[in-house]
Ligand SMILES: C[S@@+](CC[C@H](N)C(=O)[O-])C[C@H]1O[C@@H](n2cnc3c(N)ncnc32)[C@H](O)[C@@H]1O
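Before any questions on how it binds or moves, here is one chain, the form predicted on its own, in structure tokens.
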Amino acid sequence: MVSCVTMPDCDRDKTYWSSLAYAYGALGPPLRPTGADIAYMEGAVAAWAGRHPARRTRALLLGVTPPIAEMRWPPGASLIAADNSFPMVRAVWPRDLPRSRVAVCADWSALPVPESSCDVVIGDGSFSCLRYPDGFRAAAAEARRILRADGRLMVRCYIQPCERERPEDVIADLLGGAIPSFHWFKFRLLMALQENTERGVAVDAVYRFWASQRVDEAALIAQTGWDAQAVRMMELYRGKDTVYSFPTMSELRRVLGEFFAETAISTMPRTIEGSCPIWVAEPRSDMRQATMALGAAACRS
């Protein structure tokens, strides 16, 4: 059974995320992690556990990403997954396992976890679901609150490449057969249509641009051999006000660096192909009082 601990905020976006929940299986990289991504996360968690052999790893997952839930965790590890959409939890979460894996419906800025009780906070594209910079800051502060002083934050991030693309160039590459999958096309188009990080990009704006191009979807599917369901998932964006945020690497570091110190990164996101790095960081020792003050202020507001 999945519990919602922050009602009525739980599943406050009842449109896009509810629809995505039942089409999640059609997603592919880079909109979900690759095997190499999961191997990197497994290695990072194993390295942490190896340095703490007497401790059972306690982890929290930002979202309900199945490949992370089902990856190889250290023996005796336990995982709590938190997602704000009940339909996502119900449709996507593999299943709870007694004493080792459970999902809850909760806001990432108000997690139902005690202070300094987790060793690992992990996520896949989690921060890009939030508004920049305030949403990033609130989630980072909460991750800092629940992590132990020697814990780790490990998140796959969606980062703007050094040279931003133009939407019309992305369309040209699509029609020219230069994009390997519709998932990559959609990812590039999302990035290209974001005017600035603070504003982000509304998924309805992506749909409207796509519709304005009048691409023959049936012909595209026949030409490329792509999964028809994946192509038609663009319809899920129609009329939705969900906003994604894609920071540059410096913008990400500027906000998350208030709470964490970077210890590793899987790749530098200089080009669009490297725009999904896994960022690993340790809590800043001087941020405990700051995060407590932020939490107290939120309770008063």
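We number the residues from 1 along the sequence you see. Treat the numbers as computed from the prediction; the structure is a model and nothing was measured.
The form predicted in complex with the named molecule exists for this protein as well; it is not shown, and the discussion that follows is about that form.
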(request) State yes or no: in the predicted bound form, is some non-hydrogen atom of L147 no more than 4.5 angstroms from a non-hydrogen atom of the named molecule? (result) no
(message) Residue-level question: is Q194 within 4.5 Å of the named molecule in the predicted bound form, judged on heavy atoms?
(response) no
(message) At 4.5 Å between heavy atoms, is L31 in contact with the named molecule in the predicted bound form?
(response) yes
(message) Contact with the named molecule in the predicted bound form for D107, defined as at least one heavy atom pair within 4.5 Å: yes or no?
(response) yes
(message) For the three residues T65, S85 and C129, which mark the spot I'm curious about, does each lie within 4.5 Å of the named molecule in the predicted bound form through at least one heavy atom?
(response) yes
(message) Can you tell me which of 76-84, 147-155, 170-178, 113-121 lies within 4.5 Å of the named molecule in the predicted bound form, counting heavy atoms only?
(response) 76-84
(request) Note that the named molecule is not shown here; using its position in the predicted bound form, name the residues of 176-192 with a heavy atom within 4.5 Å of it, in sequence order. (result) none
